[in-house]
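Given next, in structure tokens, is a single chain: the form predicted alone.
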Amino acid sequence: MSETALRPSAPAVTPPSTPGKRRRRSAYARRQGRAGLAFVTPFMIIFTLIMIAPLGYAVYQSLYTTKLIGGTSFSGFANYSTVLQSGDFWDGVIRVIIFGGIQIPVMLAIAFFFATIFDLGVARWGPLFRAVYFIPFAVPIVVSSVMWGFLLDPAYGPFNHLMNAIGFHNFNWLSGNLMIPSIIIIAIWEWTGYNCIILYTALKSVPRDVIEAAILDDTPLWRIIVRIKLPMVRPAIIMLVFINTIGAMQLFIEPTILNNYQAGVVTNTWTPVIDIYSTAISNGQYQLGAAMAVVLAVIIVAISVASLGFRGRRREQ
């Protein structure tokens, strides 16, 4: 054996990077950082002006109290104490929670049903029906509330006449006992199309080979929908639950307009947002209304954090 073969080979030495390359890389990183900052800055300015600044001003106003005698003075957390001890405010919170607890599951079930039909191609003229179901979302909420107010009008509404014709005499859709179910029907009509489109888009992202493999295994259609499609679009469903819950907590336009057709059913404290509006605008108690708005914002943030935590745990599983 030769002497060269017995000699151990020297370890490979990586040549150090030259200062020129390091400078070029750092200059490129700085340009990237400046470009990213240029894209983010307009959004942060708008977000600060529209969201952060009004919220901060509301918190500032909630710490003061204006009286006829003595003017405006610092009151600390007195307004928050009044809100937390207000039974009417919490009755409104419970009312919108009941409203959302019924409306959101029913609406999402209907939306998922139609989204599944469109995804499977069972319905003919699917694009046409998707557009028809989406039209109620394009109608302004004020317009749809006025339209439904005419339909549910106690004296002249066709729905009340229909109920009287089938034997339910003196039926009133806008009575105290049926106001929440009526608003639930209106909200389902308004928002089902929007949720259906979101779920349809999520269903289209399900891998087709998974569905084809299930079909080749003679899996029943209902099992494909419940066991394959539904779990794969669960993140979209959780997101829609989160968005619709926030919308339910801000219920305002529908009950306010329907109150014009049946006065006295919807009071000034019927929902938290109506309570805030009545306190701040009608009664002129801006600081107390600001405290109520901050408390409602905290409740919505708590729901948001709980939703994000739930989504994180589901993703880890």
Partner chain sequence: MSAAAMNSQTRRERRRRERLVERDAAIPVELYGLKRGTVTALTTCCVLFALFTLAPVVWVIINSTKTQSNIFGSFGFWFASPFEFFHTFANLFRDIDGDGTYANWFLNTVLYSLSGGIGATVLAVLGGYGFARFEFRGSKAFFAIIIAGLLVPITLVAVPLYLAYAKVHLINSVWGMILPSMVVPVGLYLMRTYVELSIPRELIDAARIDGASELRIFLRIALPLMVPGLMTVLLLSVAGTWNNYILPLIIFSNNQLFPVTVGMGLWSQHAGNSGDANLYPLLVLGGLVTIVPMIALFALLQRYWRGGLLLGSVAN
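Quick caveat, the model's predicted, so the values are computed rather than measured. Positions refer to the first chain, counted from 1.
In what follows, reference is made to the form predicted together with its partner chain, a form of this protein that is not presented.
Within this chain, residue 197 lines the site of its partner chain in the predicted complex, having a heavy atom no more than 4.5 Å away. When its partner chain is considered in the predicted complex, residue 270 lies well away from it, no heavy atom lying within 4.5 Å. Residue contact with its partner chain in the predicted complex: residue 72 places no heavy atom within 4.5 Å of it. Although the partner is absent from this view, residue 223 stays clear of its partner chain in the predicted complex, with no non-hydrogen atom inside 4.5 angstroms. Heavy atoms within 4.5 Å of its partner chain in the predicted complex are found in exactly one of 168 to 176, 230 to 238, 95 to 103, 82 to 90, that being 230 to 238.
Applying a 4.5 Å heavy atom cutoff to its partner chain in the predicted complex picks out 135, 136, 137, 138, 139, 140, 142, 143, 146, 147, 148 from 135 to 149, in order along the sequence.
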